[in-house]
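For reference, the chain that follows is the form predicted alone, supplied as C-alpha cells.
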Amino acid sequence: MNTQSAPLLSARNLVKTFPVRRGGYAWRPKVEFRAVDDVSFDIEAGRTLGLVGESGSGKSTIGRAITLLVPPSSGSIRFEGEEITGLNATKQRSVRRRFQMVFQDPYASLNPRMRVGEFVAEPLVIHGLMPQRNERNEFVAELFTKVGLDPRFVDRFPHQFSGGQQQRICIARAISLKPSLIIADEPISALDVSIQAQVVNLLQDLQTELDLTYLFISHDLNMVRHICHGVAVLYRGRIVEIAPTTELFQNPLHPYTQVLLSAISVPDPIVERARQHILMDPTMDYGEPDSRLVEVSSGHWLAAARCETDGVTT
C-alpha cells in the first residue's frame, strides 16, 4: 500500500466501534461491536479503489468514517496530506468541501419539499460561495448539463424524476463544490440494470473531466472490474486482500476473495452450466486473527496470517 508519491487519501489502523446490547435486551450491559477493525489503505489521486464484501462487512461504515459522518473510534485518516481526524467543527466544514458522498438510495438523499435546483445549490449557500442568486442559478444549470439533465428541470421536485435522474441530481450536488474525492456508496444498486451502465459511464466521464478520485463501494463485481483501478476485499470489518483490479480477478489468493469472484455470473448459459463454483464452507473461518497485510507481489497485498497458512511467498 505504500506508493512512490503521497496518496490523496491514506487510512491507517481505522477502527469504528458501536455500543450494542446482546440480544437487544435493555437490561443487559452494552458491549462494543467492531464494525471496522484496523483497516489501512491508500487511494492515489485520479484513481478509483473498489471496496467489496458481503452485507454487514463494514463497507459503508468505512465510507462514512472517511467523510467524518461517523467519526472513527481510532486510527488516522490523512487527506491531501492533512490529518482530518479530531478536527473541530469549523475545520471539519472547511475540509468537507474537498470530499463528498453519493449514497445508495437517491430518493432518500433528496429533500422532497425542495426543488432540485435549490437542492444542488444548497452546498454553495452553506459554504458561502456564489452569493448572487443569478450566478448560482447559472452554475446549477451548467451542472445539470454536465450530468446529462435538461437545465429546465431545476424547478421540479424529486418525485417528478426517475431513479436514474435522481441519482444524476445527487451527483450534480456532489460535484458542486469541486471536490477532490467522492465516496460512492453503492450508487447504482437501487437503479434498473439498463440505467446502471449510464450512471457508471457518467462517473467515469466526470473523473476524467474533473480529475476526481473515487472510493467505489459495491456488491456488483462486474461493475467493480469495469470502473476500478484497484480492489480491496473486506470481511467482517477487516481487509483480507487488496490488489490492482486485473491482478485480483486473475489471481485471487484469499479463500474469501475466491468465493466472491466465483459468484460472478457469466452471460452465457452453456459456459455458466459448466463452471465449477467455489461455495462458502460454513465450517471454515474466513476471518484473520492478524490485520496486517503483506505484499506478496507488486501492489498485491494479502492478510499476513493467510500468507503463513497457505505458504505464499513474499
Partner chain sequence: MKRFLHHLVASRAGLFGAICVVLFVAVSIGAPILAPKDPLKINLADRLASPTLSLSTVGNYPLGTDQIGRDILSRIISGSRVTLIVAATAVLLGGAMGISLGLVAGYFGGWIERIIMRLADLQLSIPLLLFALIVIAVLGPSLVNLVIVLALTGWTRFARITRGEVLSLREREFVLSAKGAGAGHLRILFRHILPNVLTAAIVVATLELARVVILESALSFLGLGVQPPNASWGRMLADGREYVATAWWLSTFPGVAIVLIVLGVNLLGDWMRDFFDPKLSGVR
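The shown structure was predicted, so the numbers you read here are calculated from the model rather than taken from an experiment. Positions refer to the first chain, counted from 1.
Omitted here: the form predicted in complex with the partner chain. The next part is about that form.
In the predicted complex, no heavy atom of G81 sits within 4.5 Å of the partner chain. By the criterion of a heavy atom within 4.5 Å, A141 is excluded from the residues contacting the partner chain in the predicted complex. Among heavy atoms of A197, none comes within 4.5 Å of the partner chain in the predicted complex.
In the predicted complex, the partner chain sits beyond 4.5 Å of every heavy atom of P131. The candidate spot formed by F33, A35 and S74 is out of contact with the partner chain in the predicted complex: none of the three has a heavy atom within 4.5 Å. With the partner removed from view, the residue among R93, H229, K146, H219 that has a non-hydrogen atom within 4.5 Å of the partner chain in the predicted complex turns out to be R93. Screening 219 to 227, 153 to 161, 205 to 213, 235 to 243 for residues having heavy atoms within 4.5 Å of the partner chain in the predicted complex returns a single hit, 153 to 161. Residues of 125 to 151 that come within 4.5 Å of the partner chain in the predicted complex, judged by any heavy atom, are V125, I126, H127 in sequence order.
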